[in-house]
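Next up is one chain by itself, shown in structure tokens, the form predicted alone.
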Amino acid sequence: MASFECLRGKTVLVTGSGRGVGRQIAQSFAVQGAQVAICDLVQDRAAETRALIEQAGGTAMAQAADVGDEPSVQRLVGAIVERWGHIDVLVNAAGSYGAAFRRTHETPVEEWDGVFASNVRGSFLCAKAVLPGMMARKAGRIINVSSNAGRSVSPLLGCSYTAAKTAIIGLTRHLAHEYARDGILVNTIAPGPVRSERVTDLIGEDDKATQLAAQIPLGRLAEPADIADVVLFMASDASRFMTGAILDVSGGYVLA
């Protein structure tokens, strides 16, 4: 892991950080000395991430929240501000998905609505909640998590996921343009397939995972730390002249 000393003492909110890539992102910020707010739909998962951070000597709080519900997001942000005073960095890592390999004409509208609620409305609501505080301080970072699906199409998931992750890129560009003069930088990371619970749940760990890895020029799935390190870069002073950017972290799966 690279060292980002500038993140020490920062207050970071990572949504969807009860497991998988979100958990790794939260842990990586904590290693750098940030105080991390863990948010997950399931309180037990959030508490487990907090415990892992605290066991390693870091500082964290955990709170369950539904990012697609505005009152829930407001309570989350209010609790963080009450404890730590403000939020320096928001990482919108929460986002649900539908069934693997489901075709568009077979997609239930409930799946479409749920995927958009967690990915798009959730990212919007969390950004909306933290922006006033960042504007007041003339500083802040918002990092949205898109996907290779938003840059092309998903090799695993359906139209709902591709459309939602594409919308995340549009949200990023708009926020970056609108709030640059307020000192707020907004960027997107677009990961490829990651070796995580999500991919394992979708395709297992055997032949299909091998076939998926074979489609990636670097020849493997990403590890969660591969994604987390780029998020740290986007939150750090190293990215101080970058806003509205989309960084592909897909092992060459997407070649812009």
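Note that residue numbering begins at 1 and tracks the sequence as displayed. Treat the numbers as computed from the prediction; the structure is a model and nothing was measured.
Below: the form predicted in complex with a small molecule, not depicted.
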Students should find that, of A93, V89, A164, V186, the residue having a non-hydrogen atom no more than 4.5 angstroms from the small molecule in the predicted complex is A93
With the partner left out here, if you bring back the small molecule in the predicted complex, are G133, G140 and G244 all within 4.5 Å of it by some heavy atom? no
I need the one stretch from 140-148, 101-109, 170-178, 80-88 whose residues put non-hydrogen atoms within 4.5 angstroms of the small molecule in the predicted complex. 140-148
I'd like to know whether L41 contacts the small molecule in the predicted complex, with contact meaning heavy atoms within 4.5 angstroms. yes
Non-hydrogen atom contact R45 with the small molecule in the predicted complex at 4.5 angstroms: yes
Please run the contact check for V67 against the small molecule in the predicted complex: heavy atoms, 4.5 angstroms, yes or no? yes
Exercise: V12 in contact with the small molecule in the predicted complex, heavy atom 4.5 Å: no
